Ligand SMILES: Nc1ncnc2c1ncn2[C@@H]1O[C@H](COP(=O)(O)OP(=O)(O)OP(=O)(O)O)[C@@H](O)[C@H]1O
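Shown below, as structure tokens, is a lone chain in the form predicted alone; questions about how it binds or moves come after it.
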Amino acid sequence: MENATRESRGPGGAGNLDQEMARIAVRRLSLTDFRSYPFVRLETDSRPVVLTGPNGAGKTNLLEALSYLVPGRGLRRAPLSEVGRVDAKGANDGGGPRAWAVAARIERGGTEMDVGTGYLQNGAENERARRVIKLDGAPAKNQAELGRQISAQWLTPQMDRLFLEGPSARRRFIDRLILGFDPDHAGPLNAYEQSLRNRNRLLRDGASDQDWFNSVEDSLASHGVAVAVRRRDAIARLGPLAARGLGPFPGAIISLGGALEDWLAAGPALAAEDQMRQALSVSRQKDAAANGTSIGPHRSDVLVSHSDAGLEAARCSTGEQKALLVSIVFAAAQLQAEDRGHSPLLLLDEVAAHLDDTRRDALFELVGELGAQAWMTGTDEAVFEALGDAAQRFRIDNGRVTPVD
């Protein structure tokens, strides 16, 4: 960005963004029939937000509500029909899905806009869950339009096993990071997933129409290569930022692994498309027996290693894995601030409590340097004492949200 400047101070010399850099900040948040909240409204300023309270009080529910203000399925990836409030016995009043809504007044660079989203319940039998999005009262055409206005990055306790489990979670993680600074990534990603469902349906139904297979596989190859190229380009830009580390947070070496990535490394994208089409064609019988498509970016993996120790992330300690995630997420937030001219919302669920004092202080310093409105949760208010007046605080207990002076 033309007016961004960097200073070589702060953790690891990661640098500050110019003080004129805009931030995305939630100034008002309202939830209706969302998870444990019949209704709640918070009024906030642009400082980081600290939410404290006992386990099960509803802190993560507030972060999840904020995560629906950006494209995607939220930080829990829950079906829309399961997000509505339930009663004390765990059931909705009418036994079916309950409509819910999240509304916010968003400030960005001195201007404000209203963002609303939720699950629209029309009552039609077997109706597919439908998400509604409004920007300043007008319906949004798609989630990409939402992503051009507001973005967020998050870290949750569920991500602690990201490097130990299967590659699908790591692909979702990197795609979400990319959406933060390239919201148009959603287009080829959604088109690819639709084409993948179409081909798997043909395989499952035992279809024999070669022209139909060829058409679906042509779409699958073109969109699949587009997804892989965007991931490749994004990691080429994100990688150097993540690799240098942030003070006590180690550098993370990021790469992609998979057959499609190997083809792209060896030649142009058009050649990779041809190779993928050919591979899809010859694998139909094998894929039908396996009940799924065996080739494409949905089979790729995101490979991460510790830059200092030279270890794969999966072989690092739990604490080092958490530190690697912090480095990657903050590198993505810095890249977004440079590309889009504003820092994203940061949703940090129980992150500070699992860091030692040195890394906790460095985390708070990174939030301040980035200029982001970070929403942080914890059970112990003392964990956030170092923030002083730089943060605003709320106490959450039994569904009540109370400002703390």
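Model, not experiment: these values are computed from the prediction. Heads up: residue numbers just count along the shown sequence, starting at 1.
Not on display, but discussed next: the form predicted in complex with the named molecule.
Contact check for Asp361: no non-hydrogen atom falls within 4.5 Å of the named molecule in the predicted bound form. Using a 4.5 Å cutoff between non-hydrogen atoms, Glu312 does not count as a contact of the named molecule in the predicted bound form. Although the partner is absent from this view, Arg76 contacts the named molecule in the predicted bound form, with a non-hydrogen atom inside 4.5 angstroms. Though the partner is left out of this view, Arg340 does not reach within 4.5 Å of the named molecule in the predicted bound form, counting heavy atoms only.
Not one of Glu217, Gln275 and Ser283 comes within 4.5 Å of the named molecule in the predicted bound form, counting any heavy atom. This chain is displayed without the named molecule, yet in the predicted bound form the stretch 32-40 from 65-73, 340-348, 32-40, 361-369 comes within 4.5 Å of it by heavy atoms. Distance criterion of 4.5 Å from any heavy atom to the named molecule in the predicted bound form singles out Arg85 from the list Arg85, Arg171, Arg199, Arg232. In the predicted bound form, the residues of 34-67 lying within 4.5 Å of the named molecule by at least one heavy atom are, in order, Arg35, Ser36, Pro54, Asn55, Gly56, Ala57, Gly58, Lys59, Thr60, Asn61.
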